[in-house]
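Presented below, as structure tokens, is a lone chain in the form predicted on its own.
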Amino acid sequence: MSVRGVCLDIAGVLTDSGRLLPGAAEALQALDAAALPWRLLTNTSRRPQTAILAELTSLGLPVQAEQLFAAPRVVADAARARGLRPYLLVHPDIRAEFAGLDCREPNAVVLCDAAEGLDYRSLDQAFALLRAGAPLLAVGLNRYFQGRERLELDVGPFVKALEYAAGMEAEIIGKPGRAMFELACASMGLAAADVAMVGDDVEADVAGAVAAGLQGILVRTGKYRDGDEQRLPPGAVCVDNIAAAVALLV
């Protein structure tokens, strides 16, 4: 692969349950040594961007704020830019990302991984707003994520449920939507075709990146499951881990 920049998922690629995966720190060092700019893209929506950055720093990864793109903050920025008044279906720990937004008399729905907050009452309220014409802005479309002990439901199934019930289509701001990929590429001053995305989710990370014009690399760590490589889009490749991915790029 010939690239001028790299985007990487975090959980399942660089870290696992708060610990560094083997070769993660060395991989970022290798990218720096090769003068390849990199950005971290995550759909994690139970922790604010500041907490994610603090954890990465505590693990010894040299991540600067401008190198991290967390989907909830990107969604919040999109809502502010459009002057939306969102009904927030978000985890309590990330509500601060949406500070300053007027949420009275909502005219939009923002859906993140709200955990226990995704109950019938809240989803039914969102459904009513969508039926009245409100847009649905979603943090991502991931089916599941790797929890500390097992795979756990992510936001994607709830997005699909609301789309089906309301007869409409959500705008996916995080992966696999285009917005976050485009923002990351623009921050490096690069065209999408000159950037590779490394991820453990064949749909959100790799297929989403390829659809946005990036090159795609799937790693066999994190949420990867046997056979995922059979679902790769044309041109994408599968390697064992982050070390192998970076070796392919540099």
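From 1 onward, residues are counted along the sequence shown. Being a predicted model, the structure only gives us computed values, none of them experimental. The term rigid core refers to the maximal set of C-alpha atoms that superpose within 1.5 Å between the two forms.
The same protein has a further form, the form predicted in complex with a further copy of the same chain, not shown here; the description that follows concerns it.
Asker: What is the one choice in 92, 83, 157, 133 with a heavy atom within 4.5 Å of a further copy of the same chain in the model of the complex?
Answerer: Going through each option in turn, the one that passes is 157.
Asker: Using the partner position in the model of the complex, report whether residue 116 sits within 4.5 Å of a further copy of the same chain, counting heavy atoms only.
Answerer: Yes, contact at 4.5 Å.
Asker: Do residue 124 and a further copy of the same chain come within 4.5 Å of each other in the model of the complex, heavy atoms counted?
Answerer: Yes, contact at 4.5 Å.
Asker: Should residue 161 be classed as touching a further copy of the same chain in the model of the complex when contacts are defined as heavy atoms within 4.5 Å?
Answerer: Heavy-atom contact with a further copy of the same chain at 4.5 Å: present for residue 161.
Asker: Counting only non-hydrogen atoms and a 4.5 angstroms cut-off, does residue 46 reach a further copy of the same chain in the model of the complex?
Answerer: Yes, residue 46 is a contact residue.
Asker: Would a further copy of the same chain be touched by all three of 74, 78 and 98 in the model of the complex, meaning a heavy atom each within 4.5 Å?
Answerer: The answer is no; none of 74, 78 and 98 reaches a further copy of the same chain.
Asker: What residues of 131 to 152, in sequence order, lie within 4.5 Å of a further copy of the same chain in the model of the complex by heavy atom?
Answerer: Contacting residues: 131, 141, 143, 144, 145, 150, 151, 152.
Asker: Indicate whether residue 151 shows a C-alpha shift of 2 Å or more between the shown form and the other one, with the rigid core used for the fit.
Answerer: Comparing the forms between the shown form and the other one, which are aligned on their rigid core, residue 151 does shift its C-alpha by 2 Å or more.
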